[in-house]
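The chain below stands alone and is given in structure tokens; this is the form predicted alone.
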């Protein structure tokens, strides 16, 4: 039998990355091997995002390029999945005549049968129906050899309906996976050498609301922390409104929980937050930041910010800048507001000029870069525990990994450290990474004794 090759291109968030891993796992059972060369592929799938217009345009551009491959190889199957597919459905076939398959966010589990049907009958298929349960949510994606970290989806969908966001319409209502299914998946990953898991959901803080048995996110975290072999736990994304005191305390109580939280604020203006339907005010958000830093002074806090939301005045924008100066995020993902048809914000009339959006974004990102560099500078001389992920891309002599704070650390070391947690003294701070020196056990002991003495004094 001829080998069949699958090429997947993923756009958007970590959830899409994990969806692509699950797609590859499902199609492996139908004889498809992953390739990173689209020209060799028998099946090409684009796993798309529709959160911002830029992501959608990238997907359209890629479809145009891939259409030329179809002209050269008529037997090539091309499919589109993810949020853009869910949004446009059969309209995508009209936009690109070479397209064979469109599948929505609830239909990944049907993909093997749909691909087989197209192979046999050479038909065009579209499947974007929503289902009460998302069957693909628990598909086990075998980690690649040598991997030390993995994504695990704990819930799907969203009930928040933020005014700018299409996710509730494209991912469906919130539903949580059974805790026993999640922990079993993580045990299997640990048996295969995975040391760190990142728990995924549109709003992990609301985990358990669709389950019986008094499950919540804190209880799930504690259960996962008991699994042998797992050294670190991360999660994304959190909604500030649902960040409980109990979850905040986990950063002090659970050693395996990384000292990092991504907590999207979106704006520093109460007026804009209300228009966004975020469900909190700036002072409430800042109180939660204070609470996090009270229980875990070293915690790294990252965020999302949108500039140019309809109705955002110069004063509203300045309130966001003022908030950033007070909080000093470790880093932020910041974007110009992208109008999405079907959302509540689409109907708002006080649009912000595109040039003004660009100016505001540039100034905000410059401020964030300054904050990030200053925070990194303050880490010089500190000892960071780094989960070593592999060789650095920039130097064959260096290893790379992440501190608990999610910061990238590069240092000279031997490959037998990969998959372990190494103590690294930070020697140089850069904007996007840290440089360090591997410490021996004597140096580590001295450093921690000095730190303890400084703290006690």
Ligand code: SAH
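Positions refer to the first chain, counted from 1. Just so it is clear, the structure is predicted and the values come from calculations on it, not from any experiment.
Heads up, the form predicted in complex with ligand SAH isn't pictured, but that's what we're talking about next.
The candidate spot formed by 151, 219 and 234 is out of contact with ligand SAH in the predicted complex: none of the three has a heavy atom within 4.5 Å. Comment: ligand SAH is not present in this chain, but in the predicted complex one of 329, 285, 317, 164 has a heavy atom within 4.5 Å of it, namely 164. Contact annotation: of the candidates 360, 177, 278, 376, the single residue with a non-hydrogen atom within 4.5 angstroms of ligand SAH in the predicted complex is 278. Of the candidate stretches 333-341, 67-75, 96-104, 367-375, only 333-341 has residues with heavy atoms within 4.5 Å of ligand SAH in the predicted complex.
The shortest heavy atom separation between residue 202 and ligand SAH in the predicted complex is within 4.5 Å. Although the partner is absent from this view, residue 264 contacts ligand SAH in the predicted complex, with a non-hydrogen atom inside 4.5 angstroms.
By the criterion of a heavy atom within 4.5 Å, residue 306 is counted among the residues contacting ligand SAH in the predicted complex. Though the partner is left out of this view, residue 425 does not reach within 4.5 Å of ligand SAH in the predicted complex, counting heavy atoms only.
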